[in-house]
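There is one chain below, alone, in structure tokens, taken in the form predicted alone.
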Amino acid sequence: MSRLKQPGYELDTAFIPAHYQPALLVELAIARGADSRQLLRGTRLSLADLESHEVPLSPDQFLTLIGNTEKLLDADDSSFMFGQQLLPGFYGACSQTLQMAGSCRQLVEFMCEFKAVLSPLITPRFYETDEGLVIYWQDSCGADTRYRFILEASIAAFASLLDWLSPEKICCRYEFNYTEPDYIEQYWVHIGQNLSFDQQMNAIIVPTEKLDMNWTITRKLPFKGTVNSARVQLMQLGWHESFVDQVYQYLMAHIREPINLDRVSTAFMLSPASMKRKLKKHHTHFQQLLDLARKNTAIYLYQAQKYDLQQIADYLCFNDMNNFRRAVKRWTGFSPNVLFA
């Protein structure tokens, strides 16, 4: 399997160029009054490292930097301000490719293909329904308590880039799987007012009629050359996705089959104990990822394929509807009759 030939990056894999997203965050924090020594505490970095194109950070170092920033700035808008600087960014050919996107659909496809460069800590994914394109984000390497900051930054980054690239305003809907925060005004200012909280996913829904609207007259040859350069950049980075992403994708690919820790561990050439240790390092565990894969599959089948409860249960190989109802309640906190009403 290709995933075994090219393993995914882990929490302690040093691959994020220091002068990419980490340098933007440090510059923002210092501009807002943060002390550089306190800001870099525990990161094993110096300010000079952030100017170098040869110093890579691990996700763990970047998360420590984010934690220090949150603590020192103690401002509700920090994540959103950071997000507004993230995209298209200064990430070589990948940033150039984003700027040449000819439609919203193409922009999202690029973001997902080049996620290791553009969004190394949180993975964008998408699917399509009658209503539009649903773009959602998942923790890719154990962000834990930093996840909210990264999510807010990522969504603000997408909203800002969409406003910049599109010749007309696209009114998206934003859904979050947590309760409305006390600083809701920051969401209004940086994202918009079409917000829903206590939902099943952290997602943006782009209306169908805006997905393929042409943004620019793209010159085919330069455009293809830029995309190819971005793919070379990704190859040179050496990492396409995280270990957690690979496990999740394996579960999604085999969601209709009997699956357990032993089988997944074998597929990744690990012992079950090693698989447990690796997942624990990323603040997750096998059952949590399996529940997430099943939950997301159930939501996709309901929203995109219009399956009813019985069809969803059959697809996920539940022979007993009572067991399926209990499982959905465990995955989502809601009974299936409420969730899929």
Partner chain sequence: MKKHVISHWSYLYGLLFASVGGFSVFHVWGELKPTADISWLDVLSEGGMTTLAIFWLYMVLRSRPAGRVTQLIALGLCCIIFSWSMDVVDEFIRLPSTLLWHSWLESLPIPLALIFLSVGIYHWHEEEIAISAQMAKRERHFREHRLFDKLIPVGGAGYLRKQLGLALKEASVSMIPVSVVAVDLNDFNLVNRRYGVKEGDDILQVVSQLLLINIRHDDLICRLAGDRFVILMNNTTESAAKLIAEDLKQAVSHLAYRTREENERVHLTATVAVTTAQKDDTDSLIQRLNTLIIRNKPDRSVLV
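Values in this document were obtained by computation on a predicted structure and should not be read as measured data. Residue numbers count along the first chain shown, from 1.
This next part talks about the form predicted in complex with its partner chain, which is not shown.
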**Prompt:** So which stretch, 120-128, 180-188, 106-114, 252-260, is the one near its partner chain in the model of the complex (non-hydrogen atoms, 4.5 Å)?
**Reply:** 180-188
**Single option in 94, 247, 87, 150 placed near its partner chain in the model of the complex, where near means a heavy atom within 4.5 Å** = 87
**Item:** Proximity to its partner chain in the model of the complex, single hit among 81, 201, 100, 133 (heavy atom within 4.5 Å)
**Value:** 81
**Prompt:** Using heavy atoms and a 4.5 Å limit, would one call residue 209 a contact residue for its partner chain in the model of the complex?
**Reply:** no
**Prompt:** With the cut-off set at 4.5 Å between non-hydrogen atoms, does residue 31 touch its partner chain in the model of the complex?
**Reply:** yes
**Message:** Within 4.5 Å, heavy atoms only: does residue 160 come near its partner chain in the model of the complex?
**Reply:** yes
**Request:** Decide whether residue 167 counts as a contact residue for its partner chain in the model of the complex under a heavy atom distance cut-off of 4.5 Å.
**Result:** yes
**Asked** Going through 54-83 from first to last, which residues have a non-hydrogen atom within 4.5 Å of its partner chain in the model of the complex?
**Response** 73, 74, 75, 77, 81
